[in-house]
Ligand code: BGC
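Okay, here we've got a single chain as structure tokens, the form predicted on its own, with questions on binding and movement later.
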Amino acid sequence: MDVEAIVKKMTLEEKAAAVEGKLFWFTQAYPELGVPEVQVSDGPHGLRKMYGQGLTITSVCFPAACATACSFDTELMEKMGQALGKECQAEDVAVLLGPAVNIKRSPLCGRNFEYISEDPYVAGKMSAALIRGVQSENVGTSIKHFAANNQEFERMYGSSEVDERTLREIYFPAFEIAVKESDPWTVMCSYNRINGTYSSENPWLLNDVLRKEWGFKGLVMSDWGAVSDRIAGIAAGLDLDMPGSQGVNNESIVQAVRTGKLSEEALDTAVTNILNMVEKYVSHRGDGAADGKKAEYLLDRAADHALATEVAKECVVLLKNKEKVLPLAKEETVALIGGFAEKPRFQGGGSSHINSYKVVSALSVAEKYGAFTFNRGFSEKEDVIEEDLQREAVEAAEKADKIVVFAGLPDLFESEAYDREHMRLPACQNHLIEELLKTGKPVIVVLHNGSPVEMPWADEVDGIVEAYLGGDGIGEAVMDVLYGKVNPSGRLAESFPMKLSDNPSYLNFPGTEHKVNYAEGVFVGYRYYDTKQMEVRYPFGYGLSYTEFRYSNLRISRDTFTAAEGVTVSVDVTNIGDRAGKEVVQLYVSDKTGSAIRPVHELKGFCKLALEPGETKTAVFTLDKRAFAWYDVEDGDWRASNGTYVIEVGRSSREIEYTEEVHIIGTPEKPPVITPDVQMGELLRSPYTRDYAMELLKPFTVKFTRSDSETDEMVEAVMRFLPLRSLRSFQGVTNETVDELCKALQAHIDEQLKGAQSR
């Protein structure tokens, strides 16, 4: 396809039609111009291709993002992406709609199960890996939902009121990392407004940031039904309106171009971006096979299910293992309790819901592992205490050696389109767990949920296994972990607060009057909990293993460097246990310069190491300027200030094994703004004015001198916040005197800046 030539041949009416979808899942076709239609399909953790009236093909459900994020394994994500890409090719799908990388601002967001993390670095790196995998099979991805889409409440109308620094540091980086590292074919804009402007018609978002700053060259499409003003959207950089307006907007687009309200150049750009995506896909389709598909793209559901199961095993997080109650032994009799053992909750509701061809439950494979009994114990659909079910479960538990309760959130508790109302499990489940604890037998709880839950029994049970929504092989994966065939290596990609009200967004979620105020700013997730030194149920990055690891020999390539030079950090990790295992090494950076209000530390690197007993491997991290920087809105750039930073290496945000100071010769500190209102403390603190101001102001500050040391401290404190203009209170100091002091200080600063530039 010669896209440029095709666009020149198209009529204005054809162009207007080309920028909206056709039949919900397709782009427009122009056979006479050699342009076929191509299909897009929901993801992001399986192929939800629709056909007929509301029907979807049978497919494989891989673990949802809430689970895969806990693997902290980018190679695994890329491998999963390759499988999804092959499935798309087999089903003639050009673009898989995912991954979803919106930040987990609140545990209540109904779509959190589809999102990767509360941390933008993890979300960016893991999504970039998935995109690389899918697109290696010449299938596009649509990273979503851009941007600040962190709740379902009023998602199609509400405005996320959020400052630019918070956008840049928390809500943009996952998209930025993916765009720069994996070049997704498409970006999907979100439903919501950002500071009053819809994402679908926001030129700053779609053109200035996404295209000009980050260099995105692909197609921007809308979320389904996200378009408000189509003309404004095209002008702002929204190329494709999905699923389209059934032609309703076509005439308005034509008229907007003819009247000059919309430039035809902007429309041509949108059409070109769409056709480039179509050409990219169709140019690599088929090799003469009978069905038009390459042999390697014939759908192999069994192989993909096996891969989904292997992925799930890497994602399970062991949260508690009191007195090594796990792994279970084959000779033990185990009471399996809970309907999720029989029918696991392995995915969330909404547009990502997969028609899975095969679901393996823990109960269906239990006989391979050891002796067991099974009782439902409670309804997994309703929050009702069923006395008979509970009694039968307790009686069976009393006869067993150990009890495993499969608990979790029912389908109706979390889904696309609405948010959770609380962070609790159904009361009937909590009640049964309390009753089982009364038996005196060891109790292990397996959780099937898409986001954190409160655990009132956490201190009393012996074991907790977080399975999340682990895809259609989760039953086998969980049993392998419970019985030690797999050593759990998942680590939490989000914090578990003790209770909902501990969450930093609690007072501002979901908002009122069509607005939600992101008042917590950059203090999201562990950035808040750790800075506040607040007790959490389980911290970010946390997870246990059946073996033990020792950290040693932290090495930093240099202790003083410029922000442009960066630094390399390495640490040795040894498996000192008796079985093979995997450790997720995490690197955090703490800014001690005081140049901005920042979290106590932020994750800037992670590495998953597979280690045999006694084996040592080295985790290596390369840190660039962005690893140390914060976004300075006044300068419109990232600032890594001069001063001291601390490198922290450990196993979670609360388990730091090593710390080491480094010093950056970074962005120079800004000089104070010289006016009569400048505080004397600023002048005496700034490296630009400190020595000079001390001499210049000595004739005036000497009037504050006292002999008593305690009084001196008081005077010093007063001076710290005393504006220069306050010198007028002294006899002989006039407005002209203050003005002359200001001129002298400014001249000195200008001289300092000139000298710095010449160096």
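Computed from a predicted model, the values in this text were never measured in an experiment. A residue's number is simply how far along the shown sequence it sits, counting from 1.
What follows is about the form predicted together with beta-D-glucopyranose, which we do not show.
- Contact check for Asp223: a heavy atom falls within 4.5 Å of beta-D-glucopyranose in the predicted complex.
- Mapping the unseen interface onto this chain, Leu219 falls outside it, with no heavy atom inside 4.5 Å of beta-D-glucopyranose in the predicted complex.
- Using a 4.5 Å cutoff between non-hydrogen atoms, Glu416 counts as a contact of beta-D-glucopyranose in the predicted complex.
- When beta-D-glucopyranose is considered in the predicted complex, Leu409 lies well away from it, no heavy atom lying within 4.5 Å.
- With beta-D-glucopyranose omitted here, the record of contacts in the predicted complex names 183-191 of 299-307, 393-401, 183-191, 84-92, defined by a heavy atom within 4.5 Å.
- Proximity of Lys343, Phe372 and His448 to beta-D-glucopyranose in the predicted complex is absent: no residue of the three has a non-hydrogen atom within 4.5 angstroms.
- Site annotation in the predicted complex: the residue of Arg491, Lys104, His145, Arg527 reaching within 4.5 Å of beta-D-glucopyranose with a heavy atom is His145.
- This chain appears without its partner; in the predicted complex, the one residue of Lys125, Lys313, Arg230, Arg155 with a heavy atom within 4.5 Å of beta-D-glucopyranose is Arg155.
- Residues are counted as partner-facing when one of their heavy atoms sits within 4.5 Å of beta-D-glucopyranose in the predicted complex; in 4-35 only Trp25 qualifies.
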